[in-house]
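Below sits a lone chain in structure tokens, taken as the form predicted alone.
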């Protein structure tokens, strides 16, 4: 007997309550087990090499996938996970993400997304308020697309022909310059990985200056008041941007004078992947420059993407659930975790701290040992690696409110 209902019956697209309940229970079961901060990636994937001719049915398919997807996932909420800019996600976002998958609304068309288009603009307005000077924008899959979109606007609106950024800027800045046919000018950084203002080109009148608020390797913040004479000033605030909603908001002083800003919601706003924003000081002008029409569109398509999902729904659920104070409390707790780790490293003669953390990123390493070799021997904890000035360092990013710095240091000690 076929594992699926007859074609055309519509049953494949209707809810299977038993299947959905099983899937939810399986998820909760996996989340309540201890798990690992970094499972062994060499374990073989026990699935057919080629697409099967006949399907096995929805329940059986989920049963086959539950092990590798749920049980063998890195547990980003594990006390020992203090590694990347990838946070655990809150349960309201899980539920809202299921809603968006079930309704499959396409924000390209008002007909397919009559309400969530308005919801996106409401969420954008909530967040733009935290960045004085930004009056709107739209959601993007992350800051790579956000940076590309902003620099595209710089070219179209301000006539920028070059992109100026520090050597510590995210690689998406170089990608964007390449794709847009703009010259890339790379500026040196100082001893704390911040753009050297004294090395900026003398003439910025045709330049889009990219200032980074939270570099990937060290979390450093460029002088955000630099280059006031640039044709366009873009802030890549993918990592540190949400600090604007906390008691650490002054770290981003100067961001209010930007022409555009990119923000990754799937970093310090704790969202599922492919959630970010690009904000503009003059959204109407920027969006007009980035709009395209077509015979099949009821309204112009704004920005790089055509069809896109309702990523604002999980974000709205999280922001409503926590409010501004709840969001601030969670980010501030992460900042405190980073500072606690830094204190533990400084107190241990066998460990070395690169510099006091500024935005929740801690760079450290064991003295006299190969950081990669120690990292590869870790059990029960996980840190990432980065290169700073030609030297390798641990990179611990405080994006997991459940992280235990003491346990991570102890694991490093045991692996040394």
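All figures in this text were calculated on a predicted structure; none of them were measured in a lab. Numbering follows the first chain given and starts at 1.
A second form of this protein, the form predicted together with a small molecule, is not displayed here; the remarks below concern that form.
- When the small molecule is considered in the predicted complex, residue 209 lies well away from it, no heavy atom lying within 4.5 Å.
- In the predicted complex, residue 100 stays away from the small molecule, with no heavy atom inside 4.5 Å.
- Within 4.5 Å of some heavy atom of the small molecule in the predicted complex lies at least one heavy atom of residue 85.
- At the 4.5 Å threshold, heavy atoms of residue 238 reach the small molecule in the predicted complex.
- Out of the listed residues 90, 254, 142, 136, 142 is the one that sits within 4.5 Å of the small molecule in the predicted complex by at least one heavy atom.
- Residue 267 is the only one of 75, 244, 267, 155 with a heavy atom lying within 4.5 Å of the small molecule in the predicted complex.
- You can rule out all but one of 100 to 108, 181 to 189, 195 to 203, 168 to 176: in the predicted complex, only 168 to 176 has residues with a heavy atom within 4.5 Å of the small molecule.
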